[in-house]
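Consider the single chain below, provided in structure tokens and representing the form predicted on its own.
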């Protein structure tokens, strides 16, 4: 059995709860989620804040990927599972929202900003790289993980060993993603084959329609693990991709609060637990990154 002290800092200092102890389940259980039992209520947050609104509603709408093993993949019951999903559950639990009251909305790379801007989702946790261009449209909390772009080819392919070998090759990636833009900008001799989702790249790779697939190493590692003997990763990561949580542009109070929650989860072990229950089945547990409080 374990207890943890929940802290409210930054924008919540004026309305902080002092030393709120949360009792986690102990003994025999189902393995559980990294998120603990929700305890917060609307009055715990500044009046008029996004946190108070969501806590009062008792629900949150989260955009995530539905086709990415390890991070966001729809399970047999129709509910997404993965590291991104567990991070969203941690945030929801700090708002007093149970996982049963999270509405999951499928987001692909091209619609993450529009979904946030139109209010179709409250947050997006979807292998979402923080960059300056996107910061003009939405805000980001985090990062909560640092990935890196790499390349996946057929197991039998020994001709492609890194990005410099992509010249004259057809390379599949997702339209609207930073890996696709990186290929367009920095490797123009490669022929980009854009799709709507990374899972849409698998069959073209199998049938020779494309020579390689490129995106973040953790996403491709999931596909390699899910399809043993078919694919492999080649070369080292050649970018850094800081994954953040997307939210409405200008909602600094909500962004600061999510950053507080992330840092707390780094310190109390919930972040590592979320990783080990999901991506940790394939990948070693990394150190949590430093949050960027821009």
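Just so it is clear, the model here is predicted, and its values are computed rather than measured. Numbering follows the first chain given and starts at 1.
Not pictured, yet referred to below: the form predicted together with ligand GLU.
None of 111, 221, 182, 129 but one reaches within 4.5 angstroms of ligand GLU in the predicted bound form through a heavy atom, and that residue is 129. Ligand GLU in the predicted bound form comes within 4.5 Å of a heavy atom belonging to residue 68. The closest non-hydrogen atom of residue 243 lies within 4.5 Å of ligand GLU in the predicted bound form.
Under a 4.5 angstroms non-hydrogen atom cutoff, ligand GLU in the predicted bound form has residue 215 among its neighbouring residues. A residue is said to contact a partner when one of its heavy atoms sits within 4.5 Å of a partner heavy atom; residue 177 meets this definition for ligand GLU in the predicted bound form.
Stretch-level contact check against ligand GLU in the predicted bound form with heavy atoms at 4.5 Å: of 41-49, 55-63, 235-243, 253-261, the positive one is 235-243.
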